[in-house]
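First, one chain by itself in C-alpha cells, the form predicted alone.
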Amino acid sequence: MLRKYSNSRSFLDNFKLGTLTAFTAGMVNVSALVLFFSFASNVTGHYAILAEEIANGKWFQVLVVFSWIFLFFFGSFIANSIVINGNKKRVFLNHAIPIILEIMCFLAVGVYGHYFYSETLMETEFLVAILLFSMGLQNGLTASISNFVIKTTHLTGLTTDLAIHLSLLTKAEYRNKPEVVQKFKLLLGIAVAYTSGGILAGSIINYYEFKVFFYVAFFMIFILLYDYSKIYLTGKTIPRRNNKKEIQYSKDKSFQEG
C-alpha cells in the first residue's frame, strides 16, 4: 500500500490504501462530532463557519476557525513535502512518516482526552485542531502517492465522481473499459469504508469515549506493519520513483478525474 508511488501503483494497492484510511477517517470524524460537536476530517463546513464569523465580526472565532483550516492545509503540505523531497531510496519510510505523525496526533488526543480533558472551550478547540492536522496529513499522503486518485477524509468530490462513473457504466462501451470499472469500485469502496468506520465509532464512542482514538492509532500501526512485512519479510522490492515523470498535474488523467 505504502511502498509504491504514483503510476507504479496497482488498482489493488490503491483499493487497500483507500479503504483502510477511509475507515480511519470515518471513525475520527464521527468521534469528533460526538465528543466535540465538530467535524474533523474535512474543512468544507469550516469555510462556511469562517465566513459567518467574519460577517458577524467575531474576530477571535475567526482566528480559531482559520487556524483549523490552516492546520488541515499544513498537514497536507507536510505530508506531500515529505513524499516528494524524501530520499528516493527510502520510499516506504517517506510514506510512513506522515502516518507516524498521524498516529502521534491520535495518541495525543486520546491521552489528553482520557486523563486531562475538562470540557472547556479552549481544550475542545485545541483537540479539534490536532485532529484536523492529522486528517490533513492523511489526505495529503494518500493523494500524493496515488497521483491524486485517492482522497479519503471527505466524500463531497468522491460522491460526485461516483455518480459520474456510475452514469458512465450505463453505456456498454464504458463497461468494457477496466479503468472505468476499477475507478468506480475504488470510489465505492472508499465510501463504504468511510461510512463503516463512522458507524463503528458511533456505536462504541459513548462507551469508550476518548479510548476510541487509541484503537484508531492501533489500526494505523497495523497498516504500517502490514506494508513493512510485505517489504522486509517477503523480500519484495520497492519501485523507485521519478518525480519529474510521474507528477504531471496538467496531463495526468487521474488528476483530471479526481
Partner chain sequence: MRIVRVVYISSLSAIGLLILFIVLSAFTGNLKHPEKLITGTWKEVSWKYDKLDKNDSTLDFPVVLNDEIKESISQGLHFHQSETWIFDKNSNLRLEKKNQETVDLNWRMKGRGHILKLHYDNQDKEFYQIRKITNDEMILHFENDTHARGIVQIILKKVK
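Positions refer to the first chain, counted from 1. For clarity, every value in this text was computed on a predicted model and none was experimentally measured.
Heads up, the form predicted together with the partner chain isn't pictured, but that's what we're talking about next.
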Taking the partner chain in the predicted complex, would F66, F70 and F77 all count as contacting it (heavy atom within 4.5 Å)? yes
Does the partner chain get within 4.5 angstroms of any non-hydrogen atom of S81 in the predicted complex? yes
Contact with the partner chain in the predicted complex for E179, defined as at least one heavy atom pair within 4.5 Å: yes or no? no
Any non-hydrogen atom of N147 within 4.5 angstroms of the partner chain in the predicted complex: no
Verify the contact flag for L121: yes if a non-hydrogen atom of it lies within 4.5 Å of a non-hydrogen atom of the partner chain in the predicted complex, no if not. yes
For the chain shown here without its partner, which stretch in 23-31, 47-55, 217-225, 193-201 has non-hydrogen atoms within 4.5 angstroms of the partner chain in the predicted complex? 47-55
Stretch 82-109: residues contacting the partner chain in the predicted complex, 4.5 Å heavy atom cut-off: I84, N85, G86, N87, K88
